[in-house]
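Given next, in structure tokens, is a single chain: the form predicted alone.
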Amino acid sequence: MGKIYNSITELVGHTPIVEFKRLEEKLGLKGRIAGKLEYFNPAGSHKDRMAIEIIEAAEKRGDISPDKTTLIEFTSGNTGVAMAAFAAAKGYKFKIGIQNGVSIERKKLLEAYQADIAEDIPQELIAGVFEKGIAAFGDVLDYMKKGVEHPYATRQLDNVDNINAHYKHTGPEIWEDTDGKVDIFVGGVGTGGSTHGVSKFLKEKNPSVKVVITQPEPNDVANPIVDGVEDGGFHGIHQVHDDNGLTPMAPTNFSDEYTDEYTFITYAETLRAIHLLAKYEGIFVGASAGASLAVAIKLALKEENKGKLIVPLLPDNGERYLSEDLQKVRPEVEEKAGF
């Protein structure tokens, strides 16, 4: 029986989980690693889930309609690509502000979807996001609304529909596809929705599921060049926890009540994980995915995790970062990874 879909909006979710058996063998891992490959979503990342949930939930509430509303968001990349794609598919205008450091590929994707890229945002507002923390996003969104008739800020950082997308879909998919046998879930925090939603669901199903949050090594973030590697950034993830608790970069969406452990990862470890996965599994992922995979590898090397199933959420693929030479193997850097 044939099946013709009506829109790409119907293609979101049900992304595959793949166990990395060759990687396990080559590294002598004691635990099992099965990655959730979110680049199989139609616009290429896990942000597709949040984008369509936010739009359709707002439609159901009567907050927006394509005949009058302009969607507005300020983003580091994948959220913008997802919003642009689904805005186009549903007939909305979409205005986007872009953070500094966004890869060339993602900017070109926004152009392809004919999003309205705001070029007039004062640099002090953009810089304020990193100086003042997540709260400064609101200042940028307020600026972007000026002169726009019927603007609707999708507010990815403090929108419960972001969390709901992953609580309703991503978490259940992981649970079902592993037959409820997931032992450890690994994710990073950008907007906070995916990690919060997935963790909440998994903990409700089995409180013993361990949740580990990937955090970029602060020194690697502070220095634009890490061991001779131009660091385009741990795209989309931030340090959200330190010795004093949650940091200013922790979005409202994120709740650490479901978190068991925070693990720092270096850029060298991130690159090493990306290149090992491509070499042994034929899967090329992006930087945030590589960071969570590196955490999963370190966990799988521990005797205490022998036989346990570790599921890292892998947000997108590496094709969006080729301009940063993410694919380039640098032995002198990766030998510092420790695995």
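Owing to the predicted nature of the structure, the values given are computational and were not obtained by experimental measurement. Counting begins at 1, following the sequence as shown.
Only in words, not in the display: the form predicted in complex with a small molecule, which the text now covers.
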Inset, instruction - Spot the stretch among 314-322, 5-13, 327-335, 18-26 with residues whose non-hydrogen atoms come within 4.5 Å of the small molecule in the predicted bound form. - result: 314-322
Legend entry - Partner proximity in the predicted bound form: residue 237 to the small molecule, non-hydrogen atom cutoff 4.5 Å: yes
Inset, instruction - Would you please decide whether residue 189 lies within 4.5 angstroms of the small molecule in the predicted bound form, comparing each non-hydrogen atom pair? - result: yes
Legend entry - is_contact(residue 106, the small molecule) in the predicted bound form, heavy atom dist at most 4.5 Å: yes
Legend entry - Partner proximity in the predicted bound form: residue 76 to the small molecule, non-hydrogen atom cutoff 4.5 Å: yes
